[in-house]
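Two forms, one chain: they're shown below as structure tokens, one block per form, named structure 1 and structure 2.
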Structure 1
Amino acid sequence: MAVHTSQSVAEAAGDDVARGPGRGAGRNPDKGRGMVTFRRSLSTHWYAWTMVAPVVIVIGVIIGYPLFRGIYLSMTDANERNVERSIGVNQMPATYEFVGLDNYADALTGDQFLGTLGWTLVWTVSCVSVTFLLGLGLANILNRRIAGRSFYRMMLILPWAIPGFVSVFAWRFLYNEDRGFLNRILAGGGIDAVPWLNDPTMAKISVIAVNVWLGVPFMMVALLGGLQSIDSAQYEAAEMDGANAWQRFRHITLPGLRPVSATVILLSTIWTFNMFPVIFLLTRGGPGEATQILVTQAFKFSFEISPRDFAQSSTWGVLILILLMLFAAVYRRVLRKQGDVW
């Protein structure tokens, strides 16, 4: 033990001498340790790094170029009329100009962005919370030994197996005010037809219902896996101690599901915040702008209005990225304070 200690002291002293007087002063020791760890990992696992490098490079190009291009366009006044384009055999050069952060100032101080952000937050929180509660309830039911459990699991996973656009079109047919299946059922009971997609409030409820229907299978499967990883001996011991069902659920099930819940809530929040297909294919943001979320509005700037506003669309896209990064950072900080490592 003494030999190893003297060797460590000698190596540390040798490193200080090699750095020279004053060179190590004021440096961050954590940064130095991080570099040493990285170099050691690189030398030890060089084969793995070599295998991963091509994939990292390709993904970096595919994601990195559009990202930096979008950030650049968000600082210009680029639109359909001043970007580089071809008219017949003539090539028109780009004439848009750099405007700095003006687009961000306009977006953050305007009513449109803040109003759309408000509904996007309501949409995200509603979908994620309802999806989580339904998924948790179904997972608890299917974790018990009931007759036909395999059949129920298969049927509940079915919405996840069907392509999203097919499901949305099916729901659009169900919501049809004149010939929709839902209104025909209501008509059979003597109830007037409901304007599911033509009334702002009903349209919001309708898109949330469709997104919940699409998201419950993923949530249920993930939470069911978490439930099956909890040791059944804990439930048996708690039951022998006289704990009722609610106490077992509160003190065993919920803490046991915390790691899985943290991950699925984060993923579900990011997916729902950017859930373009449901809104676009079901209501196209209507009626009016009632169901428009940030990502569909950014799409509208680039592809639907005239002239197409590429700068504004890029600005909204960058703001969406910043909001999600802030949410992920705060969420991670909260989890770490609770003792969860993520």
Structure 2
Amino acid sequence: MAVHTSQSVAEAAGDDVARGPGRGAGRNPDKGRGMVTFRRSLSTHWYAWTMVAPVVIVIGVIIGYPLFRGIYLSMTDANERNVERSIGVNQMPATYEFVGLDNYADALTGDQFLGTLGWTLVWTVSCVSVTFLLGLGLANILNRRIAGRSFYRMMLILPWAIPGFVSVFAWRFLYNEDRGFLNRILAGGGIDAVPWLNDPTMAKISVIAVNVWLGVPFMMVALLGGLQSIDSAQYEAAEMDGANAWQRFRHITLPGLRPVSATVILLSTIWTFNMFPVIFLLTRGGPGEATQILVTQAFKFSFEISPRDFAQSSTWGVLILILLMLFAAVYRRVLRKQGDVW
């Protein structure tokens, strides 16, 4: 995820340079003289290049280096015992070996990766779809003229304003089986305590609920923006033609929201797929490994088990990257086929 967004930041930064300073090569349609124009743009806009350089270098160092290092480690058997260490008087050289694609073969043939991937997909699809539907519903409500609209808007945006880890810890207290607020309320209604985080199925539902709660404000705000950009004349015309509320929603609102929803669904899918804090802070992937998603499991390999398995962790990391890139490519293609320029 980090890699993904940051790369696009890099591209965007590059774009600025090419297009920003109006007179230069960016606008020149003549591709035959590319090298010449490039040189000229360099000498004209050297200051722009200089200003961009630090960003490019920093991104290269903090994104590029770890990325290639990770890909390299995933093809070795590196772990805590055989990597290089120098601590005080103890000097230990690296003794790990290159093993080619063995780690990938192990991950893809074993049931742990595929099992975790299965739940990760369920988690992503359910989170994104529920969040989207709730966000759409709320955005529609808030798009009407209702009393106290701005108050509701503010309240609904609240989860977004609280730092993620704070809300997750708050939820963890609410979910506590003995002392949690949720079970106190249920006890008041004469219902037995629910093992929110201690039963595998309940734990899955609980983590999804928290993630939906965290994700709805973003969806709502984005979709509300989309709704407000739809021309009200369309609704008036439809009403004149006798279209009922559902028909107006189906044929004006939904198509009108398409560009916005395509983007937010893509973004929120990628975010949810890699939503580390919710799972990690709420259940640590438990009970057992019931709520472990790919990123939390990769983290576990590299930070929680001992000896730490850097090779396997990197392998999972690279596989996650590949999966998300595939998803984004396919998604874009589908959208383009439907006529969206994105």
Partner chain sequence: MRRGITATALVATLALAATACGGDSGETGGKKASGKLSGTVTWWDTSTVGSEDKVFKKLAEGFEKKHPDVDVKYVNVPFGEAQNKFKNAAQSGSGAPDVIRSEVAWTPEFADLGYLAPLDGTAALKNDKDFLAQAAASTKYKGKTYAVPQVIDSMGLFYNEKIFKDAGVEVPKTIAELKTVSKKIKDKTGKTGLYLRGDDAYWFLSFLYGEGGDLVDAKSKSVTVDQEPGVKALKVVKDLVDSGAAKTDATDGWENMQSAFKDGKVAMMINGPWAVADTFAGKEFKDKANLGITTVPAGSKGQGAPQGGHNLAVYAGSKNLEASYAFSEYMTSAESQALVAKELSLLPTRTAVYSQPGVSDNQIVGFFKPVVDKAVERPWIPETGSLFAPLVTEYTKVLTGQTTPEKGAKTTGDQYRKLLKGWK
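Rigid core: the largest C-alpha set superposing within 1.5 Å between the two forms. Numbering runs along the sequence of structure 1, starting at 1. This structure is a prediction, so every number in the text was calculated from the model and none was measured.
- Comparing the two isolated copies of the chain, the second one is the form predicted together with the partner chain.
- Annotation: Cα of R69 displaced by less than 2 Å between structures 1 and 2, core superposition.
- The Cα shift for Y47 between structures 1 and 2, taken after rigid core superposition, is 2 angstroms or larger.
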